[in-house]
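Let's start with one chain on its own, the form predicted on its own, as structure tokens.
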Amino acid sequence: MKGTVFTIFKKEMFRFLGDRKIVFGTILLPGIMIYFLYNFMGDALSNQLSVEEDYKASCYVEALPQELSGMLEQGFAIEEPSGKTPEEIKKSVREKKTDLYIVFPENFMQAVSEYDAGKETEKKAPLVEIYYNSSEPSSTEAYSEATMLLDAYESQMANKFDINLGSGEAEYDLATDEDSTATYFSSMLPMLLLIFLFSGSLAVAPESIAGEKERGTIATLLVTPVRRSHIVIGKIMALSITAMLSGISSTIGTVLSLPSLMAVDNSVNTSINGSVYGVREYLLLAVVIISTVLVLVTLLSIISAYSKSIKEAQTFTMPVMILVLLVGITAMFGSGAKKEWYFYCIPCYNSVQDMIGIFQFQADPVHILLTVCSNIIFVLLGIFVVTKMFHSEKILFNK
């Protein structure tokens, strides 16, 4: 058995890896494209959503109190609304010609001094209205800055205690680099990994079986003195390795470009990286990935064996691709990996849950063992099904 399986395996590997175009297009190109695409997206979004440091937001202020003029003039280019109606100024903000429109009530400072929040009275607190345009980054940032300044001024008027006003050396955010990395990796990478592995499998599986049926070379292979189950096992092994190489290439491209994507959000720690994970996490991840690729390749091999052509096989895989995408998206919801054992008996879903646990440094070896065992059982059943299909002339030769 070893000799015949290895012969089929070697034949398939030579067919895929012996062609430089296939190697570049299937294995190297996805990772390269993802890296440059994600970096481009990150840079483009950062440029679109960021505001120049020396930019001073244009701001119309109605009834500006003298006590606040100095504070606001430091960060804004204040303009007097003389000769313009409130509706005209709002239109200017709406059309992105002006960043901000602040309206203070008349006698604002007197109203503030007379208002006592501790007394029960029908008199309402003075209201400051700030109009901005959330679709314009400069207007949004100006709104945030104005709100922050006025909140700070309000606090100074009745300051009873401070919050996080320690020395510059004090660190109040106690999240470690591991925590930050785990948060983002566990929500994004399981979905991306599953999609990349499926894409890599889809790039090679239909061509290996449906392609041979379409070209008529499957008949030549079947007349050789090789058991058909050995042919199936050899093909699945070769397809799995090729698909895994494609998935690894895409994953590397994604991980390297994540800092650029995360830089779009200023609240994200862009220094997070995969170096916080040790050998244990990467070994466990490799085990999960290998068993997942085997499942995906086996499933696509069944579809490919049933199809008459590569195009038909790719058409039949569309519902499967949507289902895999939905399974991957589940990683973005919830508060961690599932605890119940039966979730780890569901192909693909079990892999996603294991990846979440691994990226959150909470991997359960029992769950991973259960995932691998259930995936192997599914693969063995798939090999049995494909072998039966290879024995059917009606399916193989489209009779």
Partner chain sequence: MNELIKVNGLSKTFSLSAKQQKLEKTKEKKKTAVHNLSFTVYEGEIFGLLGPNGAGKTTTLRMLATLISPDEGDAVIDGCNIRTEPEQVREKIAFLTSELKLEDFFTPNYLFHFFSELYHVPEEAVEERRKMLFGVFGIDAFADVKLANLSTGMKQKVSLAISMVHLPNVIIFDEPTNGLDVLTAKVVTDFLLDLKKQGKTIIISTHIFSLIEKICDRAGVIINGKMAVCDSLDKICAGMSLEDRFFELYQQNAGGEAE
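Since this is a predicted model, take the numbers as computed values, not measurements. Residue numbers count along the first chain shown, from 1.
Separately, the form predicted in complex with the partner chain exists; it is not shown, and the next lines address it.
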Completion exercise
Given 243-251, 214-222, 129-137, 68-76, the stretch touching the partner chain in the predicted complex at heavy atoms within 4.5 Å is 214-222
Handout entry: Contact flag, F24 vs the partner chain in the predicted complex, heavy atom cut 4.5 Å
Key = no
Exercise for the section: Evaluate R228 for contact with the partner chain in the predicted complex, applying a 4.5 angstroms cut-off between non-hydrogen atoms, and reply yes or no. Expected result: yes
Problem - Contact test in the predicted complex: F14 vs the partner chain, heavy atoms, 4.5 Å - result: yes
Handout entry: in the predicted complex: members of 375-395 within 4.5 Å of the partner chain, any heavy atom
Key = E393, K394
